[in-house]
Structures are given as structure tokens and as C-alpha cells.
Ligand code: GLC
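Just one chain follows, in the form predicted alone, and it is written as C-alpha cells.
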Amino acid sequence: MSARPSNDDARLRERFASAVSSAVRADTRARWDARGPRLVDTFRMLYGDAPGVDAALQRMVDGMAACADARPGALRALDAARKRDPAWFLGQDMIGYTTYVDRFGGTLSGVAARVPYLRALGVRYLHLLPFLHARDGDNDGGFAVRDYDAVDPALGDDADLDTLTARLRDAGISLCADLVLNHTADDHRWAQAARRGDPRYRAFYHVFPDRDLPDAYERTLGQVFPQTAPGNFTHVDGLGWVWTTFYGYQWDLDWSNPEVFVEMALTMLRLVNRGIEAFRLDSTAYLWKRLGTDCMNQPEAHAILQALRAVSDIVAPGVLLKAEAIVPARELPPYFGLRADGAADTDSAGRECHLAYHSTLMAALWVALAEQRGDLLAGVIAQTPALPAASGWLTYLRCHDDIGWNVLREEAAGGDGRAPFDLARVARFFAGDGDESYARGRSFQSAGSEHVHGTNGMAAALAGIDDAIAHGDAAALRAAERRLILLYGIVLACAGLPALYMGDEIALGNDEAYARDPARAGEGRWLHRPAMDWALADAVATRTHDDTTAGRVGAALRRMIAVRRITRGLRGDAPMRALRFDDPALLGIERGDGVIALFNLAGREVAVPVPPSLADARWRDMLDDGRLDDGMPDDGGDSAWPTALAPHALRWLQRA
């Protein structure tokens, strides 16, 4: 990288402003003044004197102006509203839901028909996993994108997307889509041109004539899929060795080429003008390659994200960017524009991503359940980095990917008064190994019982519901239901934007049939990508299925969502700290406005002493004294603080 060679801010500012109509010129000029200089500086820092950099920058500015001018009026109004409330996505009423189009509604039109269901559930943020035109054949669940500007024909067409985004917007639900930044499919038009020898598009990818440099890089690279896609390079006839971090049909883009940045930035803007309000920025950690490193989380990757944020803020400031960087939480501050030590950088804080996945908390939830230890979660909460204003965590229990255990390597070693734990034992537990396991998960990309990588499975199956149903054990089934409700009770009580995974609200189990489908059998993550059971979901939603597992779990989750929606102390950006108890099974979370959430992670009853700092307070039960069927009498006098919690019970309390 080299310094910016000249001050051309004024020229580019006027080029941008003159290209938009008078109706939007004042607003867009003001946004350029706020973000444009930083965008140009970052672009220059990344690309210096690379050939064609000036032309690329001018083409990007022209494309931004065209998209700003074409932005529909309804979306401009949304931008204005969100400028007035920049932390809108952290309101206590923001509940997320993650699903695949085909598994949930069959098509985009089918999803649109289910918007009333989502709204009634309390959903305000819908993440639809990849629905753009994917590669023919294997495509990593849609993450091998063939065409960023077209809907996958199997899911509908562009008109269906426009109809869906409008319907969601009318319902107050923001659509999040995946923007796959690290790679394209090998049948994308850029890749096809590279195969034909087009030098412009060959430069869009990392291509090597022999194994010399790939072998040098491999010495320090990890492997994402060591069992099914070992190595990081694939030989392509007539082209050479292509960098393929994930699968051989996903070619890594070379972001050191300014043309790649321009193409992807304008792709993002075309999509935001279709009504997409948030992007999950896929594989953000891998964007920049540097010999002698693991090629993850490089400084230039953060510069790219900050520049993309500036592009978005200028053209569509109401749009959210969410980092998909599955690394320990302590490594995530730079994705919010903070320094690596979490300290504020006045130039960057809050100018990268709005959201990031709290994968450390997610994995720790499952470890805490297996180990029956709330203190593990208390430690994760205590070590969760503070974030800039109008930034937050995406908190979740399950997603389309495996549970990656390696984010907890440091926590597994113990410390700060907490005993260590064995990640390999936890992984075996959730794979169903051992007489004590109630889980029906499967190991993922793990070589041998002591090699820890990941675990697949739906939340209900991992909590023991599938196993209890298979054995016809009513007592075990109720215990498993309590475990699932407990985990979601923690997710919904934590700071951040909480997201449900498809079907968890009806305790949907594993899709064991995937192994009999030749098109899916080689990808173990299809175990937790079942089709939605709409007969069951509709029955639960209309309360005609109350006395069932789905009904009990659904009622509990809906109740907690309803309480969160009216409780300001449970806003995503309200303060959060963990309470300390002598019994490691107990977890206490203190939130804003006097909210305390208590959880018993053990399969035994535990006493719940009142912390000295709260000894004089009186409490009311926020969940209507039903306590989600914890089976404990209310013997706390005129205060709802419990003297004990039953196995896997929870309470949400507020100062009376």
C-alpha cells in the first residue's frame, strides 16, 4: 500500500453530486461530505498506484451516483428514519429469524405468503440464506454464486424478490441477504472469462502457474473443510492453480485488484435498491492474502469492510452490514472499527460493521449445557468486548453451519477461578457418544474422536428431544424441552439482536433423510436444514397443539419474545453483566432497568442466594409467575426472587 498521491476529494465530490438529480443532491452531497473523503483515502491506501486505480475510482463514484439517483422513494424514507434512530436494529422488539427459502416457503413467493406467520412470531429481521443464482450442481448451499444480479430460478424471479421485500417492509421486517465476498462460483461469468484467457478477469482471481507459491502459502494456512475439501488450491486445466479456500468450485477473488472492489461494491448497491436492508458479509476474515500468515483477519480486510461501509452510508445509510467472522469474540473488535485491544479508534469506531456473530457465546451455550456449568457462560459474558454506539452482537443458538468448537480454545483451558473443560469430550457428547448423552448430533470435519472441529444437528436434537421421542420417554422429553427453552431464554435475555433458527420455535428435529438424497448426502450440514413442518407450525400458532412438545416450546419462546418486546431493559444495547454465584451451575445476567435473568444449567435443583448488592430489592416475575413450568413453589414472600431453581429452570425478574 502507498499513500494517497493527491487531494482529489473536491473533484470526486463534484463528479458524484453532478451525476444525481436535484431531488436527492442535497442529501447525497451531505453524506459524501461525511463519508466520501474516508472512502477515497481508504481506496488509495489499499490500491496506491496500481494500474488503472484512478479509472476504477471514477467508475465506482459514477456507479454510486447512479444507484443513489435510482434509489426508490420508499427506501429513501427508510434511510431518513434510520438516520434519526441509528440504533434502530437494537430495539427490544428486534427479533431475528434465519432460514432457507426452499426449506421455509419453497420459493420467494412462498416466503412472502408466510410473512403474517413471522410477524405474529415477533420477527423483525429475516435472514434468508443464499437465494441468488447459484452454481449448477454442488454449490455449498447456495454460497457458490453464479450471478449476483439474478434470483436463483428454482426459487423464483426478480419480480418475486421485489414483491417479497415490499411485503416485508410493510410488515416492519428487514430482509438480510448473504453477500458472498470472498469467492464466486467457477461458472460465474468472470470465472468463465478467466478460463477463456481474458487477462482482465484472470486478474480477478488468485491464479498461479505452478505449485511454488501455493506450497509456500500452505505452510501457514489452515483448512476450513479438511475432510471433504483438503488444501486451499485447485488445479484448473488451461488456467493453473486457483486459490479455493472453501471448495474447488469456489474461486477466491483477488481483492488486491481495485476492479474487484468496484464490482462488488456496485453489486451491493444494486441489491440494496431491490429492498435488501442488511447483508451478512460472508467469509470476511479471508479477503486479503499475505504470505507467511494464516491469511485471516488481515488489516487490509478491515480496510475493505470500512470502505464498503462508506459506500453504503453514502448511497443507502439505512442498510446494515453484518460480519460473518467465526472467530473468538476477543478477536472481533476490529470488525466494529475498534483496535484489536478493544480500545476506541476515533477515526474508525462504528465505521465498519454494525453487527457481528457472537459465535463464542453460541458455542459456550452448548458447552455449558453439556458440562452443566453456568459459570462458563458468566466468563464469556464478562469477557465480551464493549462495542461502539449503534453496534451490536447477533446472538443465536443455531445456524445453517456447524457448531465450531475451536472458538473456545482459550476458555477450555480454564482460569479466573473457573475449571477447565475438555472440548473433545463435549464434541463427543453432542455426537451422541456415551451412555450419558441425550444428543443426536453428528461430528463435522473431525478426524478421530480427539480432533475437535464441529458438530451438526438441530437444537431440538442436540437438547435431547429427538432421542426422547424415539424412545417414547415422556419424562426425558419434558426434560429435553426445558433444556431447549433454557438455552433460548439465555439468548433472548442477552444483549444484541437475538435470532431464532428455522423451526426451533416448534422444536423441529433433524432431517435424517438427507443421507438418502444423492444431491445432499455428501454434506453433513443438511442434517440441520429440514423442511418446515407447516401443519405443525400452524397448529402451534393457532394454539390447537398446546399439549405437545412443539406447543410447549413454542408457547415459551413466544412468551419470552413478547416480554422482551415491552421491556426496555432488554434492548440490544442495554447494559449487561454476569452475576457471580458460588454454585457453578447458576448463571445470572443483569440487564438495564433492574432486569435480572436467572438460569440453572444443571440437571439438579440449585439454591439461589440473593447477591448482596441486590439484597434490599423486591422483584416481580416478568414471565407471569408461570416460570415456564419449572415446578418450583413460589415461597419468596412478596418478592419473586426464587429460593431455588428446578433442573434447567429459568426466571426473568424485574425490580418491583
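In this text, residue numbers run from 1 along the sequence as written. In this text the structure is predicted, and so the values were computed from the model without any measurement.
What follows is about the form predicted together with alpha-D-glucopyranose, which we do not show.
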Legend entry - 4.5 Å heavy atom contact with alpha-D-glucopyranose in the predicted bound form for all of F246, R280 and E324: yes
Inset, instruction - May I ask you to choose, among W405, Y217, F131, F143, the residue with a heavy atom within 4.5 Å of alpha-D-glucopyranose in the predicted bound form? - result: F143
Legend entry - Selected contact from H358, H400, H188, R373, since only one has a non-hydrogen atom within 4.5 angstroms of alpha-D-glucopyranose in the predicted bound form: H400
Inset, instruction - Tell me the stretch among 246-254, 162-170, 549-557, 510-518 that has any heavy atom within 4.5 angstroms of alpha-D-glucopyranose in the predicted bound form. - result: 246-254
Legend entry - R525: touches alpha-D-glucopyranose in the predicted bound form, heavy atom cutoff 4.5 angstroms: yes
Legend entry - Heavy atom of H183 within 4.5 Å of alpha-D-glucopyranose in the predicted bound form: yes
Inset, instruction - Consider F225 of the chain shown here, and say whether it contacts alpha-D-glucopyranose in the predicted bound form, taking contact as heavy atoms within 4.5 Å. - result: yes
